[in-house]
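Before any questions on how it binds or moves, here is one chain, the form predicted alone, in structure tokens.
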């Protein structure tokens, strides 16, 4: 019958699947196609000469058993090896099972066409010369979804990433491009998606790679004349996570090879996840055909986290490390470092290290010293939010009241003082300061600053308030 070769191979595959890890089966047996069955000779098609050699080197005993089980003791296996140049023709290799052992194979002549590459397909992540060709995902388990704090700044990106993790290659988010500034969590989220896919679909091949690493591998493949192997390796991936694609800018040949890999994966329903520091429309030095493909799916941005999200991130990190800090210290870090999550987490780590090495208690003063010393210039300019927090605490008022429209005298005074220090200690515009204080306009901020200046010159008690607050706000 016409489908006998399919039935025989499917029966073999069932036995093979039960005897191999899912990842090995996925990599080395799913790409095989049954071609024909003539008498007791089954012909299977494999993607390359390297694939053929790998099967003989590692799985020949298993193949011998399943073929004999289905076709009897005289059963034979023939390989139809696809040309390395992607030609439609293929070149068959006939191998009789009784001769399938390493010694006899080396002594057995095999007719090979001249245009089939002699080199093996090399995994670019494995040092040349090593036989093992496992595809490691390169995912960091610490970057799971459970450790990713959600906020308004990342809600769209996280939700779309979660959708991709549940149905890789099966959503409209392909490719999924996550973009944002330094230290906002792009890499963390990309790893989270990959980890979730590996957990739910263990048979899928997931690979995380940085764009610079990819470019260096491509250059090595050109030097070693293994470009076909390099491309074939990446075309076997089910979920490709490419970090910092903006580094492809200006690298025309690297962009070209990634373009072809991208097309192959996308056309075969594989999931592609990209990260970048900017959206496609702002990427310079990139080919238009590549940029157009980046726009096929969804571009989700990560913005600077708000105060509540920053505090939640610090608390999450503390909980994960089994440590506890005074609330005022956590709030100080969150208020002071307001643009970069990575730097904020680094400040927390430095603070813990300083306290441990110097055997000091973690206090607000120590936090101030550490931030000034270890976080470069990030915290030298205090934020409007931090000023509002210090002023609110000083006058024992809820910070929400400071931002409200109430005209109570004590609230108005505290609000004006926060505007005064915001103008003095930050580079924010008057309009931005007003926006942080309940939507006031720039004229209101100017009036507040003049009022505070006048009161400081005529009211001794008020001047004392300002002196106390300035000490609290000044980093030592």
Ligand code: ADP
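Positions refer to the first chain, counted from 1. Worth saying up front: this structure is predicted, and the values here are computed from it rather than measured.
Although not depicted, the form predicted in complex with ligand ADP is the subject of the following passage.
Enquirer: Just give me the single entry in 172, 159, 182, 401 that has a non-hydrogen atom within 4.5 angstroms of ligand ADP in the predicted bound form.
Expert: It is 182 that has a heavy atom within 4.5 Å of the partner.
Enquirer: Which of these residues, 218, 395, 143, 233, gets a heavy atom within 4.5 Å of ligand ADP in the predicted bound form?
Expert: None of the other options qualify; the answer is 143.
Enquirer: Quick check for you: of 149-157, 288-296, 382-390, 254-262, which stretch puts a non-hydrogen atom within 4.5 Å of ligand ADP in the predicted bound form?
Expert: Residues of 149-157 come within 4.5 Å of the partner.
Enquirer: Consider residue 135 of the chain shown here, and say whether it contacts ligand ADP in the predicted bound form, taking contact as heavy atoms within 4.5 Å.
Expert: Close contact is absent here: in the predicted bound form, residue 135 is far from ligand ADP, nothing within 4.5 Å, heavy atoms only.
Enquirer: Does at least one non-hydrogen atom of residue 81 fall within 4.5 angstroms of ligand ADP in the predicted bound form?
Expert: So residue 81 does not count as contacting ligand ADP.
Enquirer: Hey, in the predicted bound form, does residue 187 get a heavy atom within 4.5 angstroms of ligand ADP?
Expert: The answer is yes: residue 187 has a heavy atom within 4.5 Å of ligand ADP.
Enquirer: Considering non-hydrogen atoms and a 4.5 Å limit, does ligand ADP approach residue 342 in the predicted bound form?
Expert: Although ligand ADP is absent here, residue 342 would touch it in the predicted bound form, with heavy atoms inside 4.5 Å.
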